[in-house]
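Given next, in C-alpha cells, is a single chain: the form predicted on its own.
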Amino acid sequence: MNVKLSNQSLEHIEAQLTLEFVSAKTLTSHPLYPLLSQGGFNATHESLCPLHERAVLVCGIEEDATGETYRSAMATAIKAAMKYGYTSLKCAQYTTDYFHALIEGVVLGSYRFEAYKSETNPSLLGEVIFSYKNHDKTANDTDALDAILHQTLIIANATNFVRDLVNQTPHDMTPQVMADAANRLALKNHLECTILGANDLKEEKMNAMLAVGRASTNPPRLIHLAYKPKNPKKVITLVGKGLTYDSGGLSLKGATSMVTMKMDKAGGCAVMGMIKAVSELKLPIEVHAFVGAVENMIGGNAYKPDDVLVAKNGKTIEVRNTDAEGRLVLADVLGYAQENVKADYIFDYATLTGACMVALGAYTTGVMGHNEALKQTWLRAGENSGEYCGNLPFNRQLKKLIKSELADVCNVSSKPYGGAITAALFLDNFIDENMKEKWVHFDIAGSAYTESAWDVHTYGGTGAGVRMTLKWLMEQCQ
C-alpha cells in the first residue's frame, strides 16, 4: 500500500474514495446526516457506512478518540475499502498526535499473507493520501508530518516483515532458511552477519541448544546481526527465540497444540525486524540481534526427560520436560551474546509459555525482570506504541520451584502455577551478575500470533514487540 502526504486540502486531492471519521456527537451536524441516518448509521466505534453514490466511506469513532481508537478504526475502514473497486483513498489529518496511528492502521490493517493460496484476491486499492490539514481545516506542520510518515512507515513495514517470516510454514522456514533470510537482510541493510552452524555451537559449548535440535534433520543455527553506527549513544543486545517448529520433543504436544507451532520462531523474527527498522531509521544506537534458530523434533537421538545438560555458562540443567525447550535455547544464546557483546542493556523475546496467556490474556506481552524502573519504561513504551504489556513480578518463593536435586536448576517448575514467571526465573540463571538490572524478558506467547482478527491484526503473525521496542529505542536517542 502506497501511503502519501499531500500539501493540498482534502477537497483538492484527487482520489476515488474519501474516508471520514464521525463520532456520535458530531453525527447530526454532518452534511450527509440524512443519508447516514437512512442507512441506519449511528457512529458507534468502527461502524461503517459506505455512500458509494457520493464516493464517501464514513467510519464511526469514539467521542474521546485516542491513537489506539484511530488506529483500529482506520484498520477497519481500510479492510472494507480494499473490498471495493476504488484504486485510491484520501483522508484528512486528525492532528499530529494521531497521524502515526492512522498510518499504522493503513499499513498493518491492509496486510495480507497469501503465499500459500493457489488463487489470490488482490485489492485494487493501492494508494492512500493524507491531507496536511485537519478535518477542521486547521493546518499541521508539513515537516513534522513528513518525519512522522517516514518513521512510521519504516516501523510498520518492519512489523509486516516479521509477520511474513512468522507465517511461513516449518517446511519452508527451517533454521538454515532463517539464517539465509538474515543474510539477505544484512546485505540489503548493510549489517554485519555471523552464522554459527552445529560444529561452531559445539565449539562454543552450547550444549543446551544443541540438545534441543539433536533429533531434527535440520541442524540448528545461531544468527548474529549487528548494526554499528559511528559514536553510538548506547549498545543494545536483542535476543530472540527462533524455534522454527516445536513438536514438544519426547514430551510430545497434543495434536491440536502442534498446530500454529510455526509461530514459535516469532521472537527470533521480531529481533530481525527490530534491527531492520533501526538500520533504516539510522538510529545512533549500536544494536546486536541474536537468534537461536532450532527445530525441536522426535527421534532415536532426541534429548530426554531426566537428561542433565551443561549450558554455555557452565550451569547444569535437569530436563524434566522437553517441551520447555525454548528456555534451553535462550540459556545458551544469552550466554553467547553476553560473552561477545558488552552491552548497556540486554532484552529477550520469546513465545515462551502458555502460562503467560493464562495470566494476561491472548493480546498482552508479559514483561519481567529485576529492575522495576526499567520495566516501567517498557510498559510506557508499549502503551505509547499501541502494544499491550503487563508486568509479572519476580519473587523468591517462585524461584524455589525450579530448584533441582540433581543439577543447578530444573527446566520446569515443580508446581503448575506462575509458569511465565518461573520460566523467566530460569533464564535469570544465565544472565551475568553485572547485567541483572539491565535485562528484561518479554514473553510474547499470546501477543505474537492470532487466529482471530483484532485491532490491526489479521490471521497469523502480529509482529509483536517491534513497535514497542522501536519506541523504547528512539526514546534513548533523545
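Residue numbers run from 1 along the displayed sequence. Note that the coordinates shown come from a computational prediction; the quantities given were computed from them, not determined experimentally.
Beyond what is shown, the protein has a form predicted in complex with a small molecule; the following relates to that form.
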(message) By the heavy atom within 4.5 Å rule, which residue out of 424, 61, 58, 445 makes contact with the small molecule in the predicted bound form?
(response) 445
(message) Can you work out which of 263, 285, 185, 195 has a heavy atom no more than 4.5 Å from the small molecule in the predicted bound form?
(response) 263
(request) Indicate whether residue 83 is a 4.5 Å heavy atom neighbour of the small molecule in the predicted bound form. (result) no
(message) So in the predicted bound form, is the small molecule close enough to residue 318 to count as touching (4.5 Å, heavy atoms)?
(response) no
(message) Test of understanding: in the predicted bound form, would residue 246 fall inside 4.5 Å of the small molecule by heavy atoms?
(response) yes
(message) At 4.5 Å between heavy atoms, is residue 357 in contact with the small molecule in the predicted bound form?
(response) yes
(request) Look at the stretches 123 to 131, 231 to 239, 275 to 283, 320 to 328 and give the one with heavy atoms within 4.5 Å of the small molecule in the predicted bound form. (result) 320 to 328
